[in-house]
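A lone chain, given as structure tokens: the form predicted on its own.
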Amino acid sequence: MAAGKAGPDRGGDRRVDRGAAPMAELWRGGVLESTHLGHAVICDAKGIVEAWGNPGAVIFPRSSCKMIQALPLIETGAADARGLGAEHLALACASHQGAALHVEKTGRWLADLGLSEADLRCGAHEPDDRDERERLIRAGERPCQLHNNCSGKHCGFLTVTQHQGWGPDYVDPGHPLQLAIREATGEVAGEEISGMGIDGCSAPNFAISLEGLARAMAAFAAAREGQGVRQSAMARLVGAMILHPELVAGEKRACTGLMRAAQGRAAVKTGAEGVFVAILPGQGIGVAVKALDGGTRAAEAAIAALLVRLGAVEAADPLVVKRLNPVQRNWRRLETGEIRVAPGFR
């Protein structure tokens, strides 16, 4: 799978399955059992640095674009008016696992706004955090919207709408907040929005090319505080993610582990359906990955491999090995195989 310099075919077929390349492989007993296909793009301020598959494939970034969705939180002045700190900004970019830490901090954020869990529009689901899930079972409690992995983002949404005096149905595609996010998405991606879908948390999600997503992440990587409202907002969000990786995802999660391994050299964010992005501030580089089948294991292996390739993490770091070449085990904990990054992708 050779890297290429070509940009997206803007006038042609931009389906997500067009031109997909081998990304990760599952080996069992010395035999190749499965292959995940996908796309990956590395961009800097000038454009594509390297690409695998089709950089023009149009995708939904899903939760990988939460940094873009958080831009109005800072750009409207809402964050400063409410005295929000780095923890709040990290939560606004988070897909957390609903641990007690996340629930407590988002609940306190809402209380400080004079609001409650009922004001959220993200819906409730069981927390991914095992300890919190078992606590709920023991207590006979049902999960609430604070357990939703997007509750931090929605706290940010509510902060903006309260500050601006906008209506409470902030996830409506026609709401001023979502119109501002749509505009910001097109601006940082450097292209027209290709479509809109509704995400799992009920917020609109705007379709862009994988190149556009990588270009947006490169813009975040190049941003510096004091260089205008947009750049300052970008830099603050990236800095908050790097400072608080435990809030962006949680223990045993890829985003948190890879950011810890990067030691300040990268901010990493996942999205549903096999999407991953990385922001490398020291290099001014943005990375975007899409596993064609939506497989998390493939996307995690790919983003880990690209972080190694770019010198942001060490391949031997246990936090990286866990994602780069994870061992597969059966229910008796016997080793049965491993995930390998496809040849040419390393």
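The structure presented is a predicted model; accordingly, all values stated were derived computationally and were not measured. Start at 1 and count along the sequence shown; that's the residue number.
Absent from the display: the form predicted in complex with another copy of the chain. The rest refers to it.
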| item | value |
| --- | --- |
| Exercise: residue 21 in contact with another copy of the chain in the model of the complex, heavy atom 4.5 Å | no |
| Residue 148 within 4.5 Å of another copy of the chain in the model of the complex, heavy atoms | yes |
| Contact flag, residue 124 vs another copy of the chain in the model of the complex, heavy atom cut 4.5 Å | yes |
| Another copy of the chain contact at residue 60 in the model of the complex, heavy atom, 4.5 Å | yes |
| Among 137-145, 252-260, 90-98, 69-77, the region lying within 4.5 Å of another copy of the chain in the model of the complex by heavy atom distance | 137-145 |
| Contact residue in the model of the complex, from 26, 308, 319, 48 (heavy atom within 4.5 Å of another copy of the chain) | 26 |
| Answer option from 200, 239, 186, 176, heavy atom within 4.5 Å of another copy of the chain in the model of the complex | 200 |
| Another copy of the chain in the model of the complex - contacting residues of 275-303, heavy atom within 4.5 Å | 290, 292, 293, 294, 297 |
